[in-house]
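Okay, here we've got a single chain as structure tokens, the form predicted on its own, with questions on binding and movement later.
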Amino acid sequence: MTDPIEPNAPGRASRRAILKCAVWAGAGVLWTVSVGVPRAGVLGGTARAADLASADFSFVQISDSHIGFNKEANPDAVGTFKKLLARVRAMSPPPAFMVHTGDVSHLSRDAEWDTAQQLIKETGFETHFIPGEHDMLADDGKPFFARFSPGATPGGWSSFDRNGVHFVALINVANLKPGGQGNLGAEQIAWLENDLRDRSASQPIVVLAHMPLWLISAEWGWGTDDAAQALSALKRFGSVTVLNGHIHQVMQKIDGNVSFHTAMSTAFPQPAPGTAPSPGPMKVDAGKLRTLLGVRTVNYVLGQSALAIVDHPLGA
């Protein structure tokens, strides 16, 4: 398994360096995936802009809005969420839809979900939701599923197709142990295998999950303990993109034809593994906070397996 956040071959800047400079400077980071290998660069180059303009459709990933959070790390999570949604509304061309990869709320309260739902509704964009662990605090997540994904299976997982791309929404936050990794379970993995069985290996697949499907930190529970079983069902596909939230920062990894991408939060950042005693809301200077919150745009060109991924920090 390769690790793109380690230094690359001599003569090339490491992806870690590109991400660190671009995100902290408030610039967007664009990932263009070709034959399973991503190319990282700062958003704004002419060629890159042309790639985005030629996309057949795009969608936006938002994650970890934590509506209801009001602690020192960000006393106005609703305000930053509004600002980021305003940026989405201003995108041209507009995205085809949005996906929210979990922790819509902070404490699974109806008032928090009401606020999130109203703000997202005002964008006018179709939105697909999966829960984070903060959305599962009431009655095993049943209120969340009833409100945000009523058409999903009883376990909450689901799939849909758009413009030749197959999307799979997985749930790995049910029955979590404190500090433990995510879990999919045998029933969901069997469903995934059946969902993919009759699909062409050339069809691009996008997998949505809240907790990472690759192990980032065992100590912090940043992974999914049975992810390997699910990923085995995806190995035959030429292009698989896995999008998740939970860790509130941009990280990326490649394993064969599968590219994994974590997303920024719209509420507050978390420390990188090894830089703090434990995960949790991280307080930074007000100006720096804007560079650590954001949304992601994913662009697809019909007939190409490559997906161009652009991260848009609030401060950019």
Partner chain sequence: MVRFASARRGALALAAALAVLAFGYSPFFARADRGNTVTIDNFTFGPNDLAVAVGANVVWTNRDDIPHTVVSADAPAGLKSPPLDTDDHFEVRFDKAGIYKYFCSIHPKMTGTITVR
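Numbering follows the first chain given and starts at 1. This one's a predicted model, so the numbers in the text were calculated from it and none came from an experiment.
One more form of this protein should be noted, the form predicted together with the partner chain, which is absent from this view; the next part is about it.
- At a distance of at most 4.5 angstroms from the partner chain in the predicted complex, all three residues Lys71, Leu107 and Glu219 contribute at least one non-hydrogen atom.
- For the chain shown alone, Gly287 is not a contact residue for the partner chain in the predicted complex, no non-hydrogen atom being within 4.5 angstroms.
- With a 4.5 Å cutoff on heavy atoms, Gly238 does not count as touching the partner chain in the predicted complex; it lies far away.
- Of the heavy atoms in Glu133, some are within 4.5 Å of the partner chain in the predicted complex.
- Contact annotation for Gln181: at least one heavy atom lies within 4.5 Å of the partner chain in the predicted complex.
- With the partner left out here, the partner chain still marks one of 254-262, 56-64, 287-295, 271-279 in the predicted complex; by a 4.5 Å heavy atom cut-off that stretch is 271-279.
- Of the listed positions (Leu119, Leu196, Val88, Leu176), a single one reaches within 4.5 angstroms of the partner chain by any non-hydrogen atom in the predicted complex, namely Leu176.
- Only one of Ile189, Leu234, Leu137, Ala96 lies close to the partner chain in the predicted complex, with a heavy atom inside 4.5 Å, and it is Leu137.
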